[in-house]
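Heads up, the chain below is alone and in the form predicted on its own; it's given as structure tokens.
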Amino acid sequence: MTAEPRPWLAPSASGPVGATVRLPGSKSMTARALVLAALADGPSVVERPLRARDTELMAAGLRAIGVAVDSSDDERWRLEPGPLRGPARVDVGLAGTIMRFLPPAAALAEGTVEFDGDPHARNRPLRPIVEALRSLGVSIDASATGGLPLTVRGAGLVEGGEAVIDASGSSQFVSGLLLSAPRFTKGLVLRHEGPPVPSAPHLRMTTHMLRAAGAVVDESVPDVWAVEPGPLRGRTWVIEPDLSGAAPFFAAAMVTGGSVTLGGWPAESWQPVGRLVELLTALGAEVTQSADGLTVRGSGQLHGITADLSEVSELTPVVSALAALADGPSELRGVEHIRGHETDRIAALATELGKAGAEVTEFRDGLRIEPRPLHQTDWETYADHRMAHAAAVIGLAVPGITLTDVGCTSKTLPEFPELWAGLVARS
């Protein structure tokens, strides 16, 4: 059942914001930790996980196939692996992580595991991972487009070996196969053939976390990943604050000429913080890191940029909002794959920024945004949390930006409306 839409008037800032925000854990890290814990040879603990729709559904999906997941403590989830088994049904919601990370794990189960989700989930690309699993001997029924609804007929083991994949549509195709690969009888040598794989930092996160769980991974040859068969260790995973989720809060500092610190930020991160710092600096921010956390200060002036966002495509909506408020045009490229995200983000951004008054040119792989005087509008959120974040950023400077449904932010940050209103109240 889909919840009733929650229209929301984005609050406008009356002056510079100043705040330290503490955000929940990274969705990407939480999802990977849950899968690795489910496939480990002993119990694991996930500390400071993200509790949101995507991760709750991931935990439910793992329970359905036989993993004991105790998520009663918000700060510490405990997982006890068990024999993976069907029959089971997994609701993926609208989460790419679930629809791409769990089918390879389900192939290791004894029995049938069915996957389906929200209506738009059936439009999200899945065929490359389905075909790769079939090439490894896994029996899968898929829709005519190669996606959801999906049925994995698990035989209790996957032989593994060599597979070829075109992962230009999503790095999650590679990550999903690699996370389960140590449990394949022969491991896996996975070769990507096609245009470049986007979101390379997410792939590095996957291989870092596999090694942290004891897997042997060789990624020395470009576009080839070799994972040796072997056990995964149960361990304690400490989840970093979500960098993508922090982007709108950092943007608030930039739009208002204020300062926002993301508390609890680690000295060493598995997320693409270097690329974020480069982007925000080019847009006009000052970014510093200290014992207090990661701090972004705005000058009150935003600059147009030309940028390839292929490594940090999740930031495209918020960066587009900043570009619409800048002092000159911006060109954002390298993100064709985000047309297959929760919605076609390129088309959605072009439409909604255009409705607000910006002049936007849509490319196959991005946008050119020419700032113009912006005005009030009803901003369609397309059931996409990042579209809601972009609208909130525009609303800081433009009174009358009404989101059609702020409820979609529950996908990754259920408390977003309250956190955002609290931040703007301190302006």
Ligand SMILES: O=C(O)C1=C[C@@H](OP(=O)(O)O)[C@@H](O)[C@H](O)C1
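Remember, it's a predicted structure, so these values are computed and weren't measured experimentally. Numbering starts at 1 and follows the sequence shown.
Beyond what is shown, the protein has a form predicted in complex with the ligand; the following relates to that form.
**Student:** Whether Thr261 contacts the ligand in the predicted bound form should be assessed with a 4.5 Å heavy atom distance threshold; does it?
**Tutor:** Close contact is absent here: in the predicted bound form, Thr261 is far from the ligand, nothing within 4.5 Å, heavy atoms only.
**Student:** Find out whether any non-hydrogen atom of Glu352 is located within 4.5 angstroms of the ligand in the predicted bound form, and reply yes or no.
**Tutor:** Glu352: no, not in contact with the ligand in the predicted bound form.
**Student:** Could you tell me if Ser199 has a non-hydrogen atom within 4.5 Å of the ligand in the predicted bound form?
**Tutor:** Yes.
**Student:** Indicate whether Gln271 is a 4.5 Å heavy atom neighbour of the ligand in the predicted bound form.
**Tutor:** No.
**Student:** Taking 4.5 angstroms as the heavy atom distance cut-off, pick the stretch from 164 to 172, 69 to 77, 275 to 283, 113 to 121 that is near the ligand in the predicted bound form.
**Tutor:** This holds for exactly one stretch, 164 to 172.
**Student:** Can you work out which of Ser330, Thr256, Ser180, Thr97 has a heavy atom no more than 4.5 Å from the ligand in the predicted bound form?
**Tutor:** Of the listed residues, the single hit is Thr97.
**Student:** So which of Ser44, Thr55, Thr381, Ser28 gets a non-hydrogen atom within 4.5 Å of the ligand in the predicted bound form?
**Tutor:** Contact residue from the list: Ser28.
**Student:** Within 4.5 Å of the ligand in the predicted bound form, do we find a heavy atom from each of Glu314, His337 and His341?
**Tutor:** Yes.
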